[in-house]
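In the form predicted on its own, a lone chain appears below as structure tokens.
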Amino acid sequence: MFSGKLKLYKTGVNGRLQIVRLASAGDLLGYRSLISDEPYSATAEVIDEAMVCFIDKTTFFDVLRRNPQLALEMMKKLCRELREAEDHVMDVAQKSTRERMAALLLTLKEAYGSPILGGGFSLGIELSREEMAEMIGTTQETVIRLLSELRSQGVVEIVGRSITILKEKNLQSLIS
């Protein structure tokens, strides 16, 4: 992906969406399906205006054959993403919704956040409450309630879809 932000999601049997990851500039999309020779099983939707580049299958495999170091890096990337998927399954199974919400905010801060004057971090990505719920496996109502609680505790500031983390340590303490 060259620029912008995308959400990748799957639709469950009940029709409910589950965001499986966010993608931004520099991220690779669809390569697991390309390597495994299987159909791509997620849907990509633009969050911020995006430019996506395309590499055809023949060129991709020709480059990998000629560059063993790149092939090794692709294998490492596949292994990291498998570990992240396993970690996510454990999080959903064993962490409370509050812990998953705190972890999501910290993850967004790491990926997209920028420091603001006076301390804190602007998340730099505007997700709907529904999208946040889809990312942590809960309902929109639960996300609204949790964000409201965090706002009333002075941990975050919320203006529309914009979220600013004011007390990062408080979020970290929720997931420790």
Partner chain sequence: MASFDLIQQLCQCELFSGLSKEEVLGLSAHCRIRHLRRNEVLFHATDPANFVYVVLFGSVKIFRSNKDGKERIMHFLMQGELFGAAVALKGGVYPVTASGLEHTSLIEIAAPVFKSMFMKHPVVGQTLASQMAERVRESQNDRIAIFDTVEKRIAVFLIDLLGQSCKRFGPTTRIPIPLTRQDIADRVGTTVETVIRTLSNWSKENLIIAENKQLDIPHIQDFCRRIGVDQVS
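Computed from a predicted model, the values in this text were never measured in an experiment. Numbering follows the first chain given and starts at 1.
Form predicted together with its partner chain: not shown, discussed below.
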Partner proximity in the predicted bound form: L123 to its partner chain, non-hydrogen atom cutoff 4.5 Å: no
Residue contact check: T164 to its partner chain in the predicted bound form, 4.5 Å heavy atom: no
4.5 Å heavy atom contact, T58 and its partner chain in the predicted bound form: no
Contact of T11 with its partner chain in the predicted bound form (heavy atom, 4.5 Å): yes
Its partner chain in the predicted bound form: contacting segment from 115 to 123, 48 to 56, 133 to 141, 146 to 154, heavy atom within 4.5 Å: 133 to 141
Sequence-ordered residues of 52 to 87 touching its partner chain in the predicted bound form, heavy atom within 4.5 Å: R65, P68, Q69, A71, L72, M75, K76, L78, C79, E81, L82, R83, A85, E86, D87
